[in-house]
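Coming up is one lone chain in structure tokens, specifically the form predicted alone.
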Amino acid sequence: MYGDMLDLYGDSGNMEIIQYRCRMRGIDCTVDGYSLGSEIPDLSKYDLIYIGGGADLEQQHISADLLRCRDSIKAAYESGVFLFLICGGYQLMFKYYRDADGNDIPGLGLFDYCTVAPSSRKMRCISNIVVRTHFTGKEVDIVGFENHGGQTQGVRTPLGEVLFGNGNCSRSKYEGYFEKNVIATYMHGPCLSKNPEISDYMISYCLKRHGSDDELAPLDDRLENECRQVMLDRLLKK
């Protein structure tokens, strides 16, 4: 959704990676786009809803339109459709986002958290980041790049523990938000190019909703893993 407006740091590439990893396994994958002012689709018919990152200005532009879609998004979420949310997309699922000027941008209120930006635009969480996660059932350290002013508060089920970087707030212990059918994070990059486990978790989840219990065929992720290891070694000084 809003891929033409919410595309910081190549975030739209996340969907290209999902398509690629499906195609390499012979899995049919069709990606539709929703833009500002489009006719609201029945989002419950989809397997995954993706909303990427954008600055305050873009969030203000799409806020009213996103509220138009609230009932469709809520119905999709409650029916088990997967929500993958990056930065601005993450923030807009909350109760509200208060920008640096003190203006409240209403969110969809799907989850019980909120984000407040500091009054100074110079106070931002900008860093590479390492997050230790267990969403796959195994311990996986994922990496990305964060650049956000907003401080997200009240998250009870984070994506993981911050080993390097900030996370939901400046010098926070935790990053992102997680449910079995929701991954929300401040990680740009695009996130999925560096962390194939996230892609495969979502693909597996979607296939299981259609009754498939088959394990995903492994792909050659040596390059991705080697690149990530370079970042882990550099940031964690192993």
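Not measured: the values here are computed from a predicted model. All residue numbers refer to positions in the sequence shown, first residue = 1.
Keep in mind that the form predicted in complex with ligand GLN is not shown, yet the notes after this line are about it.
Judged against ligand GLN in the predicted bound form with a 4.5 angstroms heavy atom cut-off, the residues Ala55, Gln91 and Tyr97 are in contact without exception. Although the partner is absent from this view, Gly149 contacts ligand GLN in the predicted bound form, with a non-hydrogen atom inside 4.5 angstroms. Interface residue remark: Lys194 is not counted as part of the site for ligand GLN in the predicted bound form, having no heavy atom within 4.5 Å.
Taking the partner from elsewhere, Gln59 is found to have a heavy atom lying within 4.5 Å of ligand GLN in the predicted bound form.
Proximity of Cys87 to ligand GLN in the predicted bound form falls within the 4.5 Å heavy atom cutoff. The stretch that touches ligand GLN in the predicted bound form, counting heavy atoms within 4.5 Å, is 47 to 55, out of 47 to 55, 166 to 174, 27 to 35, 63 to 71.
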